[in-house]
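In structure tokens, the next block holds one chain alone, the form predicted on its own.
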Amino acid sequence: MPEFTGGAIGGDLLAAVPFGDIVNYITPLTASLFVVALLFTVFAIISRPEKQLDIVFGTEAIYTKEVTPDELRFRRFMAVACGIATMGAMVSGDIFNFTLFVSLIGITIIGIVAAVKNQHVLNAAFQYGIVAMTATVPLFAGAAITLATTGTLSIWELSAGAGVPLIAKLLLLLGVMGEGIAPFYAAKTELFRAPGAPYVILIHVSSLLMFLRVVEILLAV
């Protein structure tokens, strides 16, 4: 097994768990990202949903948005699934597993708001879903090109200088962008009109952590 050289990006190696040529590793950066995802997941489990108020300008009317128990259970489940997928993406040691976790994050983000009975939110979720599903094409294409040209998907092996093609890196970045990073992030704006924080907050947190992790991977390989 070659020496780990990705530490220049994420810091010194703290731990490594090899599975064949796939080595799941932890650095100060990935550990920090994992802890942030874990904290927000626990926060989503133990917290109660917010109650939004809509004020009609020019009148004294105020509408309260209630979260029903069935909606609460489903959205909490999807939020926890999103948190687990995010934690998996943060410590994944190979590019294929990373792309799988990123795709799962996109699916769970749709699920977090899918139970909201609001036309604007559901329309935004539909549009975001189209972008997220389309983004899986360049995402997995980047992983396929990496495997075809280097013979491995292990980030540990690739960090030793296997020579990942630039087109593979660009496709991976484009795929992750489609799952929730600007400019496609604008499609998610209406999602935040959905009541029920902190479940909605997890959408933003997972997108931010995805971005930091893919930058670390692309700089390491």
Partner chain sequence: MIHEYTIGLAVAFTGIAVAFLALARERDDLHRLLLTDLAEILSLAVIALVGTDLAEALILPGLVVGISELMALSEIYLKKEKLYDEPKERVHFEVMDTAPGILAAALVVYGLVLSGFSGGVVAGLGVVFWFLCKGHREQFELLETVSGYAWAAWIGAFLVFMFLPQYWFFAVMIAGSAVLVKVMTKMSLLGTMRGGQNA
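Residue numbers count along the first chain shown, from 1. Computed from a prediction, not measured in an experiment: that's the story for all the values here.
Quick note: we don't show the form predicted together with its partner chain, though the next part is all about it.
Using a 4.5 angstroms threshold between heavy atoms, Gly88 stays clear of its partner chain in the predicted complex.
In the predicted complex, Leu122 approaches its partner chain with a heavy atom inside 4.5 Å. Its partner chain in the predicted complex is approached by Ser103, whose closest heavy atom lies within 4.5 angstroms of it.
At least one heavy atom of Ile107 is located within 4.5 Å of its partner chain in the predicted complex.
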